[in-house]
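Have a look below at one chain only, the form predicted alone, in structure tokens format.
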């Protein structure tokens, strides 16, 4: 039997989804060892618990994550709200390389691939994964809007777009969601004005990596904790002196969580949830036990004094290091 969870709305007049979503990326890519059986069980468990907002992208794998999600929702499509993305192009000969493509013909081709891999006749929320600066956003979103009119996509989103780009896009077709990194240790959308623009336009912020790629959960004590092929080994915040400085910040979150009677992950997610009803965090996990822990954050209600205390021990800008390697930062806030 499917349970119910609190819900939040995507966009000013968009659909309601579970107040916490599930980022599926790590089930197929970037975060070390994978266990397909447990990943499938985790998605099934999410749907059982009423967590229906599933996030994937064509570049995760690449392609294999959409196929995994497609297998997981087979026979349960009506219970799932599927978000996927296009626009980041990977080079098979250079896994670290990234290109961006927002050309209308690429949009049209990409959606067909995603529909097939997911095994669905429409995508609930379709994002441009990164803005392609070589293509006017009006052209890209115009092609995306055509997909809505064709019934292949229901709602549109952008990922890591600037306030100005979001405003331009919204004039072409309503944007339901802006997906950007947002957490105690990444508040770029506050500083850049992107969150303020979301609120002006009635766009929901979908917060990815709300647990700081696992760091805020207190899961890591040393860079040696990561598998050899884990992306985080190459991320500035997880290296050297930055790692030690950030670990000291997390220790303060852990102490507060202990006194509050919850886990550090739940406290960090509760902070994101408390920033507004128009924010939906999508923590990623590949295991049922962490999914249940994340859902538990919905019962952690932080008062003004607790939020102030959290901001005092983990103020904006306190984190050490860029959130992506320098080369990847070029794709952010296009």
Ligand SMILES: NC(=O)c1ccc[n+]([C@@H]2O[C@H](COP(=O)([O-])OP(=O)(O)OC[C@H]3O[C@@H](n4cnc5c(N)ncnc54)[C@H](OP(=O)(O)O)[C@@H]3O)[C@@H](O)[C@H]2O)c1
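What you are looking at is a predicted structure, and each value in this text was computed from that prediction instead of being measured. Residue numbers count along the first chain shown, from 1.
In what follows, reference is made to the form predicted together with the ligand, a form of this protein that is not presented.
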query: Heavy atom within 4.5 Å of the ligand in the predicted bound form - residue from 165, 209, 101, 140; finding: 209
query: Output flag, 60, 179 and 290 jointly within 4.5 Å of the ligand in the predicted bound form, heavy atom basis; finding: yes
query: The ligand contact in the predicted bound form: residue 319, any heavy atom under 4.5 Å; finding: no
query: Exercise: residue 81 in contact with the ligand in the predicted bound form, heavy atom 4.5 Å; finding: no
query: In the predicted bound form, residue 285 touching the ligand (heavy atom, 4.5 Å); finding: yes
query: Close approach of residue 25 to the ligand in the predicted bound form, 4.5 Å, heavy atom; finding: yes
query: Answer range among 191 to 199, 104 to 112, 125 to 133, 249 to 257 for contact with the ligand, defined in the predicted bound form as heavy atoms within 4.5 Å; finding: 125 to 133
query: In the predicted bound form: members of 68 to 107 within 4.5 Å of the ligand, any heavy atom; finding: 85
